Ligand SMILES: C[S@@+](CC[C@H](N)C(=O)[O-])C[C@H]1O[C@@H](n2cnc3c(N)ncnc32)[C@H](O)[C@@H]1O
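Here we start with a single chain on its own, the form predicted on its own, put down as structure tokens.
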């Protein structure tokens, strides 16, 4: 049964923060969501052909694409590399415009020039591969993009920080993904700056690369909540990555309370595939 408490009171209770702090944060997030929707509508709304979403996962953004941004009859190909997650996505979102493809970015099962837009949202900083060559991993996504089509990357960035791991608990947290990937002999692309994303799209051969920055408000209670969630996740992490997980998590937990709770900003970076 849905709670009848105001959203700010629910947030304050869940994260152990004052109601006023919760109310201020939620108001700032609403403004950010409004900016995000306007910017995405501007970029996505100009596209009329099929859209490819990289790393669909549980489908939160997939649902937003279908509900807010895509036109009637506009096709959406959602890529997810794990069959179990892909099947859940098919069962969760029932829309004739959606086709879920079991694939990663290196082997997109679509013909050349099939898509008007390829989009990655808050995913590339977690991208894990054997060699760490993210440009090579995304090259096939450019292949399926039609001439004149748009490649849009939307992700967390380290802009505005000198030493992000000392100035932001969230920034320090992002190192964990890199360390966990290393435990299985792989490389995680990790947290980068807007200029790195611009350079990436330029290396992929995209033109007219543009960018927009979206500052995020600091979330009250972030550090305490993150420590609780990591502690709960520890057994599952150890099962997957082995006992090396404990040193990774213990190092973060020992430092977390002394690191400011500054949120990482977001950046949209997009470019156009040259014509023939």
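Keep in mind it's a predicted model, so treat the numbers as computed, not measured. For the two forms, the rigid core is made up of the largest set of C-alpha atoms that agree within 1.5 Å on superposition. Residue numbers count along the first chain shown, from 1.
Below: the form predicted together with the named molecule, not depicted.
Proximity to the named molecule in the model of the complex, taken as a non-hydrogen atom within 4.5 angstroms, holds for one residue of 135, 195, 82, 163, which is 82. Checking 204, 93, 128, 182 against the named molecule in the model of the complex, a heavy atom within 4.5 Å turns up for just one residue: 128.
Among residues of the shown chain, residue 244 is not one whose heavy atoms approach the named molecule to within 4.5 Å in the model of the complex. In the model of the complex, residue 140 stays away from the named molecule, with no heavy atom inside 4.5 Å. Among residues of the shown chain, residue 55 is one whose heavy atoms approach the named molecule to within 4.5 Å in the model of the complex. The named molecule is not drawn, but in the model of the complex it has a heavy atom within 4.5 Å of residue 122. In plain terms, the part of the chain that comes close to the named molecule in the model of the complex, with a heavy atom within 4.5 Å, is 58-66 out of 207-215, 222-230, 28-36, 58-66.
In sequence order, 85, 103, 104, 105 are the residues of 83-106 having a heavy atom within 4.5 Å of the named molecule in the model of the complex; the partner itself is omitted from this view. Core-superposed comparison between the shown form and the other one: CA of residue 163 displaced by less than 2 Å.
Annotation: Cα of residue 176 displaced by less than 2 Å between the shown form and the other one, core superposition. Relative to the superposed core, residue 93 undergoes a Cα shift of 2 Å or more between the shown form and the other one.
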